[in-house]
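Single chain ahead, by itself, as structure tokens, in the form predicted alone.
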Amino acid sequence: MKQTVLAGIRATSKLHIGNYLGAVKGMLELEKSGEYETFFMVADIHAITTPFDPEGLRKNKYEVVIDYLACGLDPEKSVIFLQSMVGEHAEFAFYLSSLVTIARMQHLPTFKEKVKQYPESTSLALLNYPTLMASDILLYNASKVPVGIDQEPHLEIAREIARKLNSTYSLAFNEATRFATEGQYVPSLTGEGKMSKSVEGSAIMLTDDFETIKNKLFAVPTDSGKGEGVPISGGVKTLLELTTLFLGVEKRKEYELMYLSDGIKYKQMKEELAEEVYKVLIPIQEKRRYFENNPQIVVEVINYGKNKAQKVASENLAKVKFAMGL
């Protein structure tokens, strides 16, 4: 039997190149391999763990499905669905919350970061985020999860919960591992942290045109372009990382040598990088326009995916409820 893959991206906005390189490219690779049963969701329940706008969420979850399709995910090969349309996700998360302590959740570095980011909105849902993620994974008994390296602490929680579930109730759920992609950590254009939809000026969206991309890259903070050591943080490091991802390792080495000798001309570097980023996005944007002009196809994909996902989720949830005596 084929192993199962589960992946999802929060419905907080349209996708950016960090989502594409860090998650969607991995999804595409797994789908095309033919070796896995692939389930790709839009994580709209996860989106309400931090402050959100209902009308924005209503629109964004639909936009993420369009981005999935525009990037090349095939609804004939993968199950593409909205998390909130499969009620088993929230129900299972509650059952799994009985297997993990509050203290364990509070010690997660990702939780501490979100508390700093949203000090007035530290909800129980935010604390329980990793349990909901474990529910997502275990409902489909997934063995691989294509996510960025920053999600590894959450995956470890999912594995701990799987072990506890198996040992306590004599079940046999997989302990999922991360499927790494080349863009497992795409840095923010601000020079601090990873690329994020929620931080202004941080991301290049998949829908950005060439001028927008160029303007965003020109806004990346830089230095004189010359020094005794290659920067290991800040905007220059971001530009070098993006160069690796879009122009290759050799090109990055060229820029590093320039930095250590005659200096980098950032205008030229940013223009070259903008051109390469836009080349990657052109076919995605063309395909996106097709789905924007044919919304009925998107609705059909969502409904078809919901039915297929719910069939698997309900069967696995039933096994757990029976084992727990419910």
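Worth saying up front: this structure is predicted, and the values here are computed from it rather than measured. The numbering used is simple: start at 1 and walk along the sequence shown.
This protein has a second form, the form predicted together with a small molecule, left out of what is shown; the following refers to that one.
Exactly one listed residue, out of 222, 121, 151, 166, brings a non-hydrogen atom to within 4.5 Å of the small molecule in the predicted bound form: 151.
Interface residue among 128, 184, 84, 141, judged by heavy atoms within 4.5 Å of the small molecule in the predicted bound form: 184. Residues 23, 147 and 194 are all found to lie within 4.5 Å of the small molecule in the predicted bound form, as judged by heavy atom distances.
At the 4.5 Å threshold, heavy atoms of residue 305 stay clear of the small molecule in the predicted bound form, well away from it. Using a 4.5 angstroms limit between non-hydrogen atoms, residue 317 is distant from the small molecule in the predicted bound form.
Of the heavy atoms in residue 313, none are within 4.5 Å of the small molecule in the predicted bound form. When the small molecule is considered in the predicted bound form, residue 309 lies well away from it, no heavy atom lying within 4.5 Å. The chain is drawn here without the small molecule; in the predicted bound form, the stretch among 91 to 99, 249 to 257, 69 to 77, 185 to 193 whose residues come within 4.5 Å of it by any heavy atom is 185 to 193.
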